[in-house]
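Here you get one chain, nothing else, as structure tokens; it is the form predicted alone.
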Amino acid sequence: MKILLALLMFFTFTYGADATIEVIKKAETLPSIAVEDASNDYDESFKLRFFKALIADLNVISIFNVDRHYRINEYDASSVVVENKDQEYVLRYLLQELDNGGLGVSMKLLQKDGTEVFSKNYRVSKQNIYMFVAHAIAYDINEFMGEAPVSWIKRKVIFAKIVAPMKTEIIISDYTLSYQHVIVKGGFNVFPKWANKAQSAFYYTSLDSVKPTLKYIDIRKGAVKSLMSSDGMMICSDVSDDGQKLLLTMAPKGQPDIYVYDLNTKKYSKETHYRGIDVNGQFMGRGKMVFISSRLGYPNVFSKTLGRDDVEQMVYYGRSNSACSAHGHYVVYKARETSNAFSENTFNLHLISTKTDVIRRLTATGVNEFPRFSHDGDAIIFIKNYKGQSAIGIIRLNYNKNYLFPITSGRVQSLDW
């Protein structure tokens, strides 16, 4: 079991019209926006935290040149503050402490002449989840501006963090890591994976038993179930869109292969039969999957039709390609860019399409790994390790922009959103 786990860790950690073509929106072509705070409730510290969260979200949606100055105005003021008179848009908001301890937020989007063009009210039950209101505001403004949906901005991220040797925590957070809730602690638990689009449950692998065990947690009920165990390896690498089928990496006879597990019939079907390493299966749509295999003598990306024996090589660039994710006809994968025995190597993310021969490099420095597409294909989340710092990164594919959100301690092992 330990040998196979080490092999998997090696694979995981060491190795517009078309999103593979770079799309660059020059900053000077974007409309400008500033933010005004009209709040009287709450202390200055909390008001600044909310302001910074909102500024971050407005930057990430990538449709504005965002003014980062903190300015105050009355919510019903007929004009913007003088410093914002040249901004094309001004977002004004009011934070209110509700009687039940919750947070209420009113916002309005103004043009520079003070004309209101959009407004909305928000309520959450607890003050400490204020960042999800900021995410919702950015989502709604993006939608009002007629841009492509960014539904991922409101989703939760789940990740495993190594906190000590053979000790991890599984944490639910927002994509910026501003909110973090430890949901599994104690022991060595890795590879969390959302069980459904509603993010009401998740799977993870527990390595605290004699055999690696796949567990399932229903967040709403607080119920934990052990689903299945296997000698050598047991990892859920992907869940079908309807939540009814799992792609599992198992090694019941010592050789890691990929299986499809049907939750309705409780039956397995073995999808790979190579006498080497096949791991990290990802549903690709159209009855296919992509996966990582050593069948060339080094890790590379392949695809196959589920239930058939056909196998197709997907990547011809690089000799150590691992940790892939798929969305439609796009595949993002991790590739080793340097080979230095005496210093840390560089691993970058690359994007390919099954419809073109273009390869687009998405990152430039450090160790970039564990990429995952958003459900709408608009963005990619990934883990970045650089100079001893671990962070979660977001890549906006159609805007050619990357954003990093570092963690304060520990190291991110794997994630999903």
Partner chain sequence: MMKSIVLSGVVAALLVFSGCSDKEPVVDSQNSEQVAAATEAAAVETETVSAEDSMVNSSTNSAEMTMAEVESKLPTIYFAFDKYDITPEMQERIDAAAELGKQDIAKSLSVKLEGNCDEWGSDEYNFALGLKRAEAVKKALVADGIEASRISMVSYGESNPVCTEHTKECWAKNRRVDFKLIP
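Numbering follows the first chain given and starts at 1. Nothing here was measured: the structure is a model prediction, and the numbers come from that model.
There is another form of this protein, the form predicted together with its partner chain, and it is not shown here; the text below is about that form.
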| property | result |
| --- | --- |
| Output flag, 232, 299 and 367 jointly within 4.5 Å of its partner chain in the predicted bound form, heavy atom basis | yes |
| Candidate stretches 301-309, 325-333, 244-252, 261-269, one within 4.5 Å of its partner chain in the predicted bound form by heavy atom | 244-252 |
| Its partner chain contact at residue 222 in the predicted bound form, heavy atom, 4.5 Å | yes |
| Interface membership of residue 145, its partner chain in the predicted bound form, 4.5 Å heavy atom rule | no |
| Non-hydrogen atom contact residue 187 with its partner chain in the predicted bound form at 4.5 angstroms | yes |
| Its partner chain contact at residue 100 in the predicted bound form, heavy atom, 4.5 Å | yes |
| Position in contact with its partner chain when the complex is considered in the predicted bound form, options 284, 279, 90, 195, heavy atoms within 4.5 Å | 279 |
| Single option in 315, 81, 183, 228 placed near its partner chain in the predicted bound form, where near means a heavy atom within 4.5 Å | 183 |
| Sequence-ordered residues of 206-221 touching its partner chain in the predicted bound form, heavy atom within 4.5 Å | 207, 208, 209, 210, 212, 217, 219, 220, 221 |
